[in-house]
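The data below hold one chain only, encoded as structure tokens and taken in the form predicted alone.
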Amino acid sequence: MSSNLLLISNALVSVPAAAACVLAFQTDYRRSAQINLAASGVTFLFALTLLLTGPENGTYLFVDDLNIVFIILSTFVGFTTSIFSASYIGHEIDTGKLTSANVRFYHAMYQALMCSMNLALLAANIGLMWVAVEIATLSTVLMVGLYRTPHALEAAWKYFILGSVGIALALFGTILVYMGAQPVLGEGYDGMVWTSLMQHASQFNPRMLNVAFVFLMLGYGTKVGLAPMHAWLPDAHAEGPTPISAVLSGLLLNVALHAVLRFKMLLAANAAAITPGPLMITLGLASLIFAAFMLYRRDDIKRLFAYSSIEHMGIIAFAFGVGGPLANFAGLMHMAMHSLTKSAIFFAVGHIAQVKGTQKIADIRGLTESHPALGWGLVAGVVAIVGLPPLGVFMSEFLVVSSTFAQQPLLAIPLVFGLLVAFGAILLRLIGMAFGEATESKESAVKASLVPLYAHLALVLLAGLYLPPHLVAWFQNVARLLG
């Protein structure tokens, strides 16, 4: 690995790690929020410099076109969420919901989460990647329980137990991959390095790889939030701080998806192994249709959009399961659009819950009248997430449907059915919340930073209207790598 790329890769891990250590001892809220924002911004700038480099391999970290997509998206959303977090958490302190000790812990864990996600995406070793995902899980578990209420602690424990089961299954799958590679690569570190595994995958025992992928799909699929392994996700969103909801939906689910895609590429390189597509398609469709119907039963605004995340991760898993250049391109684009849009929605939802003093949908009415900036921001976010033109989610969903029609037409029927059911459910909820007579607000005004909300929505609109040729070529190259 070149010295410049080594510096960048190390900085993407070391900057948030160092910031986490500093923030653990910082008692002043304003200063800790500034450090959190600065560290996230610097990390994002380092991520952007990866666009100027080519794929390179290192001993512990490596960079290729696939993880550059994830790293840039992850650090950007992490940066914008830190801006939103500063105003959101500040209000929670002012109202007495959080103490300075809670916030010191929160900011330290936020940067620890950024560090672990970057490490998972850059790890050159499948064991190191597993460790990083486990650290990310523990970091978010601790933040979900930040309010220390009975419901928050219950949600944190539920997340911890189900996440631990999932990560244990992923560990077992990782061990099976190592055992399958051992006769070819021998014992030791080389038997777990991505580049060595991909280079010799065709020589591995296919039956070992088949069993390994089932455990890996179920294990990391739990972290992706796919049904029926999704049960932790709605509680974690509803009870944790809203910035963590944005990070969970916009980033952490993608990190686990990245791990699944890596192992999918490994199986694709072995002609005798099973095709990963059918399992991914099955779990993707199950998640989409299940979440679409569950949207009609939600009475909590954060739970509503948590189930929307399950729905969209199902669409993404389905697209990658269908495979091929067009479906993989659609999956990558939908992943990016969902991350930007869903985090924007949670930015709006967080401040809406603060001004209304509740997360109950029935008690949130007439937002466009009482709080126009937040209300219309929520409307724009929902219009985007349900896939209406000309926004980017419409384009990515159109590509998913059209690529399915081209390759497996019968699968397009349940896909479109699930999309329409979810479309109706979310619009039904939006009409009441956004329009009509406004309900009483607990707070007349909240110091809300609307820049992240509208910046994300602007990017989603731009992506729906025009994709730069360089971005299209980049995504096409990654789609080809995914097979």
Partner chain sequence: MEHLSLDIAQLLAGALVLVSFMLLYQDRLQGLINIFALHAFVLTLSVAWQAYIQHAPHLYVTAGIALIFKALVIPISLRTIIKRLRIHRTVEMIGGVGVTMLIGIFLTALSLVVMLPATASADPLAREDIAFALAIVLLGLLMMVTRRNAVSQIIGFMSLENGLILAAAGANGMPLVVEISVAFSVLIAFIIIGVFLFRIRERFDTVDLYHLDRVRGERN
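Note that the structure is a prediction, hence the values are computed from the model and not measured. Numbering follows the first chain given and starts at 1.
What comes next is about the form predicted together with the partner chain, which does not appear here.
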item	value
Every residue of 150, 158 and 205 near the partner chain in the predicted bound form, heavy atom within 4.5 Å	yes
Per-stretch contact check against the partner chain in the predicted bound form, the hit in 391-399, 243-251, 76-84, 183-191 (non-hydrogen atom, 4.5 angstroms)	183-191
Position in contact with the partner chain when the complex is considered in the predicted bound form, options 230, 371, 298, 356, heavy atoms within 4.5 Å	298
Candidate from 379, 265, 412, 131 lying within 4.5 Å of the partner chain in the predicted bound form - any heavy atom	131
Contact label in the predicted bound form: residue 329 to the partner chain, heavy atom within 4.5 Å	no
Contact flag, residue 168 vs the partner chain in the predicted bound form, heavy atom cut 4.5 Å	yes
Contact of residue 239 with the partner chain in the predicted bound form (heavy atom, 4.5 Å)	yes
Touches the partner chain in the predicted bound form: residue 215 (any heavy atom, 4.5 Å)	yes
Members of 301-318 lying within 4.5 angstroms of the partner chain, judged by heavy atom, in the predicted bound form	303
